[in-house]
Structures are given as structure tokens and as C-alpha cells.
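Single chain ahead, by itself, as C-alpha cells, in the form predicted on its own.
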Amino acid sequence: MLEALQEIQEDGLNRLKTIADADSLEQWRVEFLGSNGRLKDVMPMMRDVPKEQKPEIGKLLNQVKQALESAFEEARQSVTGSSTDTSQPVDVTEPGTSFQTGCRHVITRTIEEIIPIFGRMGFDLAHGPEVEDEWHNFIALNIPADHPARSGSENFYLAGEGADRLLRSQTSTVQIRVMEQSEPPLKVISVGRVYRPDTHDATHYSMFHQVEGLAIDRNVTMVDLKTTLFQFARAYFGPEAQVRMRPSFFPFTEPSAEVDMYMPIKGTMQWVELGGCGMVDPNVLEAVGYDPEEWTGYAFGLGIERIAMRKFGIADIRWLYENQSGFLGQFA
């Protein structure tokens, strides 16, 4: 086998020197390196090589193969003027493949625009879990056990997670967590997903986003709350934006109000409801260990989807989550 390998290497290298065209080069490759070539033919002879000589012969076999392959590559480049790339030549007259430029989702963009506005007003950003317990989602927020908002038809309770585990229905849960862990005064906003089993239509979805604000200090009043919302409206919707509050009721604020903002929509100024607000109920302050005789505060919650839909003229909330790139690309 040793003699056969030496012969194959010498013969192959010598004949390769005389080849000057691609067809002859391919015939040489098939004869020496092909699946039925001379190098493959000698491999079965390894069975007859003595055990102590197998490492030496095996090493020589690899050396011969590498020498022939290297010489073949050099000859190919010499004959064809190219490397081993056997793909079809590129037709430079063909149109190129177009790549669509991605963009941030309109909800992500809206959130990234909102956070700095409140940051400039002194609000820190807080985060909380989306899977909550009844203490943070209801009890500490002054929502009694018999309140309709706690029913199974109004919440996503989680099977196997205990009787009191659910997907949070509001970002107000983060307010409770912040107050449990912090001493007043404080100013925070939280932004995130919330879940309610609403029937999907043009204005309702079972998952949506809220921005929640909380400020606790001495002598805080509704004037401070309205000023904050007014400053946000002007910063986000423009200098003509206005804010009005309509009396309402929420268990965790007293007094409570619905928040409307006067903003430009498709070239005309309109009043649009964006969320709710109010002064933090004393029961909520007591639940987290704050003295309501010393501390007061306000809270507000605004719907991110509502804000985005009004600002960008989106008529159906479902369009935001159908992942149609043509639609979402309008807001790049």
C-alpha cells in the first residue's frame, strides 16, 4: 500500500503539470480524487496492513490526499482564474432583492415618548409583576370582596396558581408595591400590560397598556394633579391641548374623576377620554402604612392605546396587534 500511495502521488502531480484546460482538469479530479478514483481504490488495502504499521500508513494516506487536493486547487485557479466556487455566475442585470426596513411598534414608540415627559416632571419609573395577588390588585386598593371588579368574569384568574393569583387588571398594583417598599414623599410612574376579559372590538382588547402615575407628599391637592396632566397634554399633544375632569368614582381615589384631553385629531381639535384620576383614598394610604393625616397624594391612569390611537388616527385597536407590517410601517 505504501508503494501504491507513492505512485498515485507522483503520477497525479506529474500529470497535473501538463493540464491546461478545465475539461482535462475535471477528468483528472475524477480519476484521482473522485468517489471511484485511484485514491479511493487503495483504501480497502488498509485491512491487510499490519497493526503496528496502520498509524504510519494512515498518516501517509492523508498526506497524499492533501497534496493532491492542494495541487488540484492551484491548477483550478490557474486554469479558470477563480477559486473553488462552483455556483452559477451572477447576473448583474437582475433586479436586487429588496429588504424592508423595520421600525419600532407604535405602542413601543408611544411609551418611549411618554416616559421622558413625566421624567422631566420628577417622576421615577417603577416596575411590577404582571401576575399578581388579590392584596395588591384589590384589597390594598380599597376594592371590597363583593365588588363586581373582583368577579371571575372581569379578571383572568390563574388555575393552579392559588385562589388569589391573577393577571393584573391595572397598573395601580405597582403603586401599592412602591409604597410598601418606600417612605414618602415619592413620585413614580409605571408603564405596562394589563389584562381584562373584554370582547375584542374597535375600542376594546383583552390585553392593553397603561401608564400609571402616583405622587405622595404633604399638602398635595387636586390642583397638583390637574397641573401634572395639563403639562403632559401640552408636552405630548401640542400647545393647544387642554385637560378637563369629570366627576367619577374609583374605590382607590376620593374624589375621583375621568380625564378628558382636548387635542388635534386629523386636523380638528376634539375632546377625548384617556383615563381616570383622583386623590389617593386614605384607606389605601393606611393599607401601606402611611399616615393619611400627614400624607396626601394623587394618582392617575392613562391608556397607552388610547393615546396612540388618538395621536396617529388609528380607528381600530385590533390593528395594533395583527402584526401587519404595511400598517405598522406607517408610524416609522
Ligand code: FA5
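Being a predicted model, the structure only gives us computed values, none of them experimental. When you see a residue number, it is the position in the sequence shown, counting from 1.
Not on display, but discussed next: the form predicted in complex with this ligand.
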| property | result |
| --- | --- |
| Contact test, all of 125, 177 and 297, partner this ligand in the predicted complex, heavy atom 4.5 Å | no |
| Options 110 to 118, 145 to 153, 180 to 188, 208 to 216; stretch whose heavy atom lies within 4.5 Å of this ligand in the predicted complex | 208 to 216 |
| Residue 77 within 4.5 Å of this ligand in the predicted complex, heavy atoms | no |
| Residue contact check: residue 306 to this ligand in the predicted complex, 4.5 Å heavy atom | yes |
| Contact flag, residue 26 vs this ligand in the predicted complex, heavy atom cut 4.5 Å | no |
| Close approach of residue 274 to this ligand in the predicted complex, 4.5 Å, heavy atom | yes |
| Heavy atom within 4.5 Å of this ligand in the predicted complex - residue from 221, 242, 203, 227 | 203 |
| Answer option from 136, 196, 234, 165, heavy atom within 4.5 Å of this ligand in the predicted complex | 196 |
| Stretch 167 to 186 - residues with a heavy atom within 4.5 Å of this ligand in the predicted complex | 170, 172, 175 |
